[in-house]
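First structure 1, then structure 2: two forms of the same chain, each alone, as structure tokens.
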Structure 1
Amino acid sequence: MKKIFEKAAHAVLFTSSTVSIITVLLIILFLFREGVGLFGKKPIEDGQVLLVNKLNPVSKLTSDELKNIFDQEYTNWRKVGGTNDSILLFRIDDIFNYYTEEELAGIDTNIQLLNEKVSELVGKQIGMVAFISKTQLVLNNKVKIIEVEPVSVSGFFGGELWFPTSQPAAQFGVLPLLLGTLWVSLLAILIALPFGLATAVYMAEIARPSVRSMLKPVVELLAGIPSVVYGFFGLIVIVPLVQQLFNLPVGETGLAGSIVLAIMALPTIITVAEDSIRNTPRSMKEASLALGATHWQTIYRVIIPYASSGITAAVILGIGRAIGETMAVLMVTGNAAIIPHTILQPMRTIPATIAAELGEAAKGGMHYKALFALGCILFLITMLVNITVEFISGGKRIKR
């Protein structure tokens, strides 16, 4: 009887840990399956094609070139390696500019006629590029379909434009988001570091036990306040403050985000750093004091060097926390997806982009996949942070 219970308990425990393991692996699987799906696909909307004259030597365009063409930044085919002809944009509504009402008689009911007219027109105009739906496509011997270059890994990481919904081709350049994330998080850590380390040293070495037992709940509460409350506080207090202080048109800037993130990263830094400072062997401390060093000399010559790996781990974990923070950043940084030049301009981070755009992205579409790819980047950053911390602490237990 006893044995059966033992066996049953073992089975239950085994099952639940298997379920846990499977869910962990499922998360990775789902994230990367969707994210990797972005690459190698054409960033043009499904069911749409670009039609040009057959005499046009250009046969392939990148999505950046397409954007420039349709924004009329490029007005000559030479810009994209073609002949010296001006670019004529054509969307289906433009048909009335080229044909008279009589020529188009009955077009409302006769789709076939419309399609033929479009192809005929493109066949006549050497510089024309038509953005039409596949169902409107009638190929004749004077037109051809222009290919759009698929999204590549280098284009994704090196691209400077993030216009995931732009027509005809979306731009998935992650650089502005990546830089925005790094600027905001790194500045946040720079702000948080002096406060965090000072508090960690103070709590571990200087403060009386009664003071320490008052500081500990403060740190725990700072960690416990929901991020959306920080965002709310940032929006109402810090954003106007930044705006007034630097005399800016808008207060929603990278700096406002950094300040909020600095407060949010503090608990992580303090807890991990204090833990490692307290782990300094008593004998080392006492040896230093016995040699006549003052308490302060002991702290900065013996204790801090000894705890330096733990302190580094604290900083890295703080950065990791800052990079992944979503809601507070979304609420205060202004969310402009442009490459930042100063910290005093609106910025957009990777997590904020996912939170802001996933609601609008069509399920399974390019935009949706691109957001999952951003999720993969976040996951990889977290992994990097964890492995680095593991490596730095060298097997020493780091409490988080």
Structure 2
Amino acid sequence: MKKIFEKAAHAVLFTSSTVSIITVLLIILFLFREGVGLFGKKPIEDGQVLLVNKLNPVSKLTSDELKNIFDQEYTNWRKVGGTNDSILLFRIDDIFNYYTEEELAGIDTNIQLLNEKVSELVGKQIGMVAFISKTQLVLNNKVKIIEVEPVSVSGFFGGELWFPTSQPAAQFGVLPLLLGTLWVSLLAILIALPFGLATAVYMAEIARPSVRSMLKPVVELLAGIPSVVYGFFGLIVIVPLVQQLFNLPVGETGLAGSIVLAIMALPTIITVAEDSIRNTPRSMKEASLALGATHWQTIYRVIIPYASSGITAAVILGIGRAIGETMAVLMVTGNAAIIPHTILQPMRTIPATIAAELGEAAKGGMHYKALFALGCILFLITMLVNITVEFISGGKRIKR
């Protein structure tokens, strides 16, 4: 009977662990499948085309060039490798400037007639470019369709503009979001780690039992506070303080986000590191003291090195909390998708972008896939941080 029970328990544990691993792998597979689907697709709305005169030598444009053309930052085709002709933008409402009402009779319900008139008009204007629907599109021998370069990996990671819903071509430049995430997260860890480790050492080795018994529940309680509460605290207290201290026009900056994230990461770092320090064998402490080492020397040379694996775990969990946080960062960093040059600028992080935009992205669309690609980047950053910290920690253990 006992053997049957042990076999059943073994089967249950094996099944649960297998299901857990498979579930995690499937989630990662789904994440990357959706994210990778962005690359190779044209950043132009489905069913729309760009129409130009056939005499125009330009045959392909990037999404950045297209944005500059329709923002009227480029006013001459020479900017994109064309001839010395002014760029004339055509929008559907402009058609009434070129044709009379009699010529456009019934055009509201006849898409083919509309497209015929647009093709005719573009064929007469060498510098004109029209962004129209390709439904029932009729091309004459005087017009052609300009191709838009698909989204590439280099353009995605090196692009400086994030406008996933802009027309006529979306901008998927992740560089501002990536830099904002790294700036905010790394500064948060640099702030939280010294304070967290110092508090853990104090609670484990220096504080009286009565003090520790009072501080321990308070620290653990802080870990259970919802992130939106930290966001409100940052918005009301930290943001005005940063604005006044540095004489800034706005206080929603990367520094405010880093401070809020540091406060949020502190309970995790303190709890995990303190438990690891307290698990140092008493015999090792007594041996160090017996050899003439002071209490501080024992802490520095014996306890902290012995607890380095637990401290490493605390660092990993703290970094994970900082990198993956959404709501609090969204509330205090300014949510500006621009490349930051100082920590005192408004920023936007990858998690905040996903949280703010996923609800508005059409399922299966390019914006939807771009947000999943951001999730892939976040996963890779976290994995890289974990591997790096484990490598450093493992090297220290081997060295000892």
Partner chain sequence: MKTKNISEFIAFNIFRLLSLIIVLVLVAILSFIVVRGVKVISWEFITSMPKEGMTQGGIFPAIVGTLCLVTGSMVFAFPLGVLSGIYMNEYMRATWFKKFMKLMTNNLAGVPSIVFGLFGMSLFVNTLGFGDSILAGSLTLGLLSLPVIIRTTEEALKGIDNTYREGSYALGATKLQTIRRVILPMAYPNIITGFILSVGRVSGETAPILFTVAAYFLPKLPSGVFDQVMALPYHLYVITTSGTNVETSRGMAYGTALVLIIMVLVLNISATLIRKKLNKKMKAN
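All residue numbers here follow the sequence of structure 1, with the first residue given the number 1. Here, rigid core means the biggest group of C-alpha atoms that superpose within 1.5 Å across both forms. Keep in mind the model is a prediction, meaning the values are calculated, not measured.
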With both forms of the chain shown on their own, indicate which is the form predicted alone. 2
Rigid core aligned, does the Cα position of A314 differ by 2 Å or more between structure 1 and structure 2? yes
Once everything's superposed on the core, is V80 shifted 2 Å or more at the Cα between structure 1 and structure 2? no
Aligning on the rigid core, do we see the C-alpha of Q171 shift 2 angstroms or more between structure 1 and structure 2? no
Between structure 1 and structure 2, how far the Cα of A8 shifts once the core is aligned, in Å: 4.7
H295: CA movement between structure 1 and structure 2 [superposed on rigid core, Å]: 3.9
